[in-house]
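Coming up is one lone chain in structure tokens, specifically the form predicted on its own.
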Amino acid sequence: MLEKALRGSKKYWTWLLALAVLIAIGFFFYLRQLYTGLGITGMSRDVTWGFYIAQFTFLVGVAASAVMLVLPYYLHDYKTFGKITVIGEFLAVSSVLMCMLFIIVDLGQPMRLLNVIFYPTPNSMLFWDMIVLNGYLFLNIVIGWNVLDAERNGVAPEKWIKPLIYISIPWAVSIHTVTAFLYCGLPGRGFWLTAILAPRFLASAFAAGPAFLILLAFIIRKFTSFDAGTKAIQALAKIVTYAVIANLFFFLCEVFVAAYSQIPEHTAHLEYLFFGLHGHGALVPWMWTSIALVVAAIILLVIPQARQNETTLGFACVFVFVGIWIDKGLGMISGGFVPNPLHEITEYVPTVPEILITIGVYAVGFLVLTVLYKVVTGVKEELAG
């Protein structure tokens, strides 16, 4: 089936070339980082996780969101998701791949990955994060590819695929739960020290991921003859609606606990993010933008007429995706490190090389996603023809 990715229009090859250029630029600056060290990033002694780990955190959620298609389709035989489930599984593949690349670039020296393999420490959450991410990548590649191949040949998938599908459902939840435990298991960081962090991560994942899938379905329909179907898109839109409301509710619960308790270890981080602290407030406009986008998206999504209008739905999905990206891709990391446990403020701003490396990693992910989707649409068009 991979040969279908080798045939395409001029726009398809131009897009791949543009991604290749971005990858080359990112790789060039990564080589600079490899030679110079992480000093070319905006990270410091007080902020040891930065833009790379923030993107990793966000993309784990996008990867986990595939379960919102897999569970209804395979477990409850919800036929509406029949066309789009493999799209979600391949989105998970590219997302997990980007997650791993962000971990590699954050390590500074990639050979440090071998320490996790040669010196495994089961009491470390990083060890379990490696297990769940690699396992989830393997599951989605095997399931997605075999189900698509079976569909192309007009036969039922092999019987051994079904147990893997059942395993992938709790596994999807586990990848973002373990990621949340990486943060809330650190007792010196009051912003992350909350039992609700894992549910909050999952709610944001089940909002941002399906929102992005809807946007991808629109893009695929525009450039190919494959249509995921209005019913499937609207079903996904309802999932996004409930999940983004739950995400906002969990956030407001955090705000209430911090504001009502008046414990400095909790209030200082929120104050820094939304109002600034001691004259420092680099993220204040970003965080209020995130809140505004999420609230605007909820308003659009809860009104049936607006949700059923694809133009309005597209805007709502963009608002959800960008709003949650700001929250998890900027605020979640800096909010936990600033101020530090001694209540000193060292602000973090990503540098130009850091941003270009990040863009390069995203370009790798979109390149893989484009190739996989070219295969999917090629098979679907072949069957329709």
Partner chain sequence: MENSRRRFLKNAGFSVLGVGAGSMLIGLSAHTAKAAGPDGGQRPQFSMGDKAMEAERWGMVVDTRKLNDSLCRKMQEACHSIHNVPEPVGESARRDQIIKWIWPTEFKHAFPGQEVEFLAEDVAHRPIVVLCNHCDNPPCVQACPTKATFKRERDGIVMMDFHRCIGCRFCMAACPFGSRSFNFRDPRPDIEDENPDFPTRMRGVVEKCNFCAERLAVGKKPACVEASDGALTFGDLNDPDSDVRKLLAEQYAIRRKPNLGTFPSVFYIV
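Here the structure is a predicted model, which is why all the values come from computation and not from measurement. Numbering follows the first chain given and starts at 1.
The same protein also has a form predicted in complex with the partner chain, omitted here; what follows describes it.
Met125, Arg189 and Phe337: each with a heavy atom within 4.5 Å of the partner chain in the model of the complex?
Every listed residue reaches the partner chain in the model of the complex, so yes.
Using 4.5 Å between non-hydrogen atoms, is Pro157 touching the partner chain in the model of the complex?
Pro157: no contact with the partner chain in the model of the complex.
With the cut-off set at 4.5 Å between non-hydrogen atoms, does Phe27 touch the partner chain in the model of the complex?
Close contact is absent here: in the model of the complex, Phe27 is far from the partner chain, nothing within 4.5 Å, heavy atoms only.
When the contact criterion is heavy atoms within 4.5 Å, does Trp325 count as touching the partner chain in the model of the complex?
Output for Trp325 is no: heavy atoms all beyond 4.5 Å of the partner chain.
Looking at the partner-bound form in the model of the complex, is Met43 within 4.5 Å of the partner chain by any heavy atom?
Yes, Met43 is a contact residue.
Contact assignment for the partner chain in the model of the complex, among Glu254, Asp106, Glu310, Glu271, heavy atom within 4.5 Å
Exactly one residue meets the criterion: Asp106.
Just to confirm the contact call: exactly one of 314-322, 30-38, 57-65, 356-364 touches the partner chain in the model of the complex at a 4.5 Å heavy atom cutoff, so which is it?
In the other structure, the partner sits against 30-38.
With the partner chain taken in the model of the complex, which residues across 316-350 come within 4.5 angstroms through any non-hydrogen atom?
Heavy-atom contacts to the partner chain in the model of the complex: Phe337, Pro341, Leu342, His343, Glu344, Thr346.
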